[in-house]
Structure formats: structure tokens, C-alpha cells
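Here you get one chain, nothing else, as C-alpha cells; it is the form predicted alone.
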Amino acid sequence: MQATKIQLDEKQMPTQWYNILADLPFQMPPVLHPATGKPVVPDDLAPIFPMELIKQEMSPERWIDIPEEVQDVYRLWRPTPLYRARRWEKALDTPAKIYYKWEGVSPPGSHKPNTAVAQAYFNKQEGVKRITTETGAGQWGSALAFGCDLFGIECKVYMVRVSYEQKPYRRIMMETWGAKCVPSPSPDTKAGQAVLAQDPDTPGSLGIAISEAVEDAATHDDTKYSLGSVLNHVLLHQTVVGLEAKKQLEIAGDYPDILVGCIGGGSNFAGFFLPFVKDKLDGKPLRIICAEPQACPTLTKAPYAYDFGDVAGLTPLLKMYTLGHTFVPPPIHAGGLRYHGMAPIICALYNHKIIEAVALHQMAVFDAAISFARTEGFIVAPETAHAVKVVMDEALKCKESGEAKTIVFNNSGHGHFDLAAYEAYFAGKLKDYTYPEEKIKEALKDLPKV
């Protein structure tokens, strides 16, 4: 009998996170202090992050131990299964072998608790009483609400307004775990008040929500800030996904020719592909393809420059591909991909041509998600559907060429709270948003001078 899914025993779960910084063949551009322009030091970040996370952010060590308390929580859903998409392969009539790592089995339904639980733990260890954060589609906010609940920490989530309105059940999920969720921009912060004064009907953005959450944390002594993507320590925690996938592919007697994942800030795909990057650097002929929306085409259209991670300019300056920190993307349904920037590690790898990127329109993305759902059964999040579309395209190229390539993607979360988007798709109400070039040019004028 051919295996449909490859399972690892709990004893095979990773006990260390993998830090790609130890193996990069180049130096990462430094993170800069917005006031001085000099590289940040740990004390600069201490007002908003616990020191252990700051150490992880800057660590040169290849392996960092996962605390037993975090491993114990991980065991609720980890290791996650690796599926062979045999039904989808047959429907596509492709000789390609397709695998997907299914992260939708976590309690919040996505990959996000891999870092949410870790961050809540390290905050708890340092006596933090309250954590603030932002969320786009709600996956990160619900994951942090889950993590904070387990460690007895108060949680406040600033949710991008368009997603807050599109996905009320994500808010209810957060509230079920004891968090408070408000639409962003909100009247609760000066940053939110300023945006509302300029545009009361704004759909919001992750950049705005980050400003609110950082301001909230910086103005409360008992509060720290938590980020669900972009930063090194977040990508570090997510490497449990790729480390498990490598073991599972070994069991299957296979190795990928192509890795695929969606990118917004970069956490889900980076956590999946970073453990494979060393293989590519050592000569493995591996393609790594990032999938992003045409409406917010960070890697494929933006310049590589220093920019703030938020609208109000409260964060340190990161070297990344950026559409401009004041850019507000169109209200596509993949709310988690509506971010103006990208994880600096992903940006550096892309700049050095180690990874690739493709931008997609949401109608084609939903077409692919329906094809996947009607064969594999899983209804994926709109963000994840971007990866599904690229996998389908690559599998159909294999059909044309006759090549039996192995394609593996990170199926980063379910779409059970995104059914309004599917409803809009079936009703013919979805539309494609073209890259808003003029708005981005306007936003890029505000790039900090470095």
C-alpha cells in the first residue's frame, strides 16, 4: 500500500531550532537605530522585547535549544504530517510528485503557534504580564492568544480593519482564549488616531497595526511587544517545520527539486525552507519559489532598501525589499500577505539569487485552491492558496515536459475562517487588483535616508 501521509513519532520532534545565520555565505545588513543610524544593540530593543528573544535575534549559533516547556506544548500538535498529494497529482495528470507539510492541525489552525508559544514562554520567564501584537488575517493574533493563554499572560491584538470585518470568527477565537482584539487603526493609540484623522474609512494595514502595538507596549511598563513574522527569532522558531519535513522526506526516500510557499512577512515559508538552504549552498540543484500577491508584490517589484517595519516609524530600520512603510495595499482576501516589507533573511537570500519569487492575482489563486480542495479535501487559507497555485503551475510544466520532479510546499493553514472569501469567489464578486504603481511611488518617497 502506498502511503498517503508520513508521520513522525513525538520522540522524533526537533529539540533545537536551526539558525541559518550560522551558514550564510554573506553578512546580513545590520539593523539600524532609527534615531542614530547606527547598528542596534540589545539595550535598544529591551523596551519592547524580552532579552532572551533579543539574544536569539542576534545569535550566531547554528542550533538553539527548544525549552522543554515549549516542547511540551508543541506535542499538542507536533510533529505535523507530511502528505503525498496523490489524488491531486492524478487530477492534474502530472508525472510530478507533490508533497505538502500540513500545519493546519495546530489548535489555532496554522503554523503561527510554533513561534507564538515560544515567545509567550520567554516573556513569561522574564515576568512580563501583558503582550501586544498586530495581526492581518487573524492567524497570528489567534496563535498568540493561544500561547498567552497557556502561560497566563494578558494579550491585546490590533487586527487590520479589513480583516477584522471580513473574519469575525478569528476575533471570537482570540476572545475564546482570553485576548482582547480591536480593529486597526483604532482610537486606542496616537498612531491609530493619526491615521483615522487622515482617512476615517481606511482598510488598515499591517504597518499601521504594528505601529499601534509597538506604541502600546512602549508606553506600558508591564508590557512587551510580539511580532509574528519578519524578524530573525520568529523565522528561527518556525524551522521546526522544515526540520520535520526533511526527516519525513528521508523516510519517503525522496528529496525536493522544488520548494514552494507563500510569503507576506515570510515566517511560514522561511521556517519550511531554511533547513534546506544549506543543501542548496552545498550544491544541491534545488529551486525555492516564494509566492506573493500581485496587489502587494514586495520581492518582485520593490526596491531593496532600508525602511521602517511600521507606518509611524517606531521600529528599527531593516534592509528589505519594501513598497514603502506608508503603503496601504488593496483589500485582498489574503490579509496575511498585505505587508509592505519582507523578512530581512528572505530579502538577502533573494538579493543573492538563492531563492526565486512570483506574484499572483487572487482569482487564479482561488482557482487553484478549489482544484486542491476537490481532490485533497483540505480547504486552505487564501494565503496558502498562493503556494498551491505555484505548485499547480510547476506540476503542469512537468506534464508538458514529462519530468517527474518532486515538488514540496508548506500548507501553512486551513481556510475555515476564510469561507467568506470562497463565497465571494463562487458568487463572482472577487476581483484582481493590479499593482498600484502610483501609490507605491508615493510611499517610496517616504523611505528614510540611510
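Computed from a prediction, not measured in an experiment: that's the story for all the values here. One rule holds for the numbers: they count along the sequence shown, beginning at 1.
From this point on, the text means the form predicted in complex with a further copy of the same chain, which you will not see here.
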{"item": "Interface residue in the predicted bound form among P95, P303, P183, G178, criterion: non-hydrogen atom within 4.5 angstroms of a further copy of the same chain", "value": "G178"}
{"item": "In the predicted bound form, the residue from I258, L317, I379, A357 that sits within 4.5 Å of a further copy of the same chain by heavy atoms", "value": "I379"}
{"item": "Heavy atom distance at most 4.5 Å to a further copy of the same chain in the predicted bound form, all of Q2, V105 and R171", "value": "yes"}
{"item": "is_contact(A420, a further copy of the same chain) in the predicted bound form, heavy atom dist at most 4.5 Å", "value": "yes"}
{"item": "a further copy of the same chain contact at R87 in the predicted bound form, heavy atom, 4.5 Å", "value": "yes"}
{"item": "Partner contact for H416 in the predicted bound form: a further copy of the same chain, 4.5 angstroms, heavy atom", "value": "yes"}
{"item": "F146: touches a further copy of the same chain in the predicted bound form, heavy atom cutoff 4.5 angstroms", "value": "yes"}
{"item": "Residue stretch of 304 to 312, 277 to 285, 72 to 80, 130 to 138 approaching a further copy of the same chain in the predicted bound form, non-hydrogen atom distance within 4.5 Å", "value": "72 to 80"}
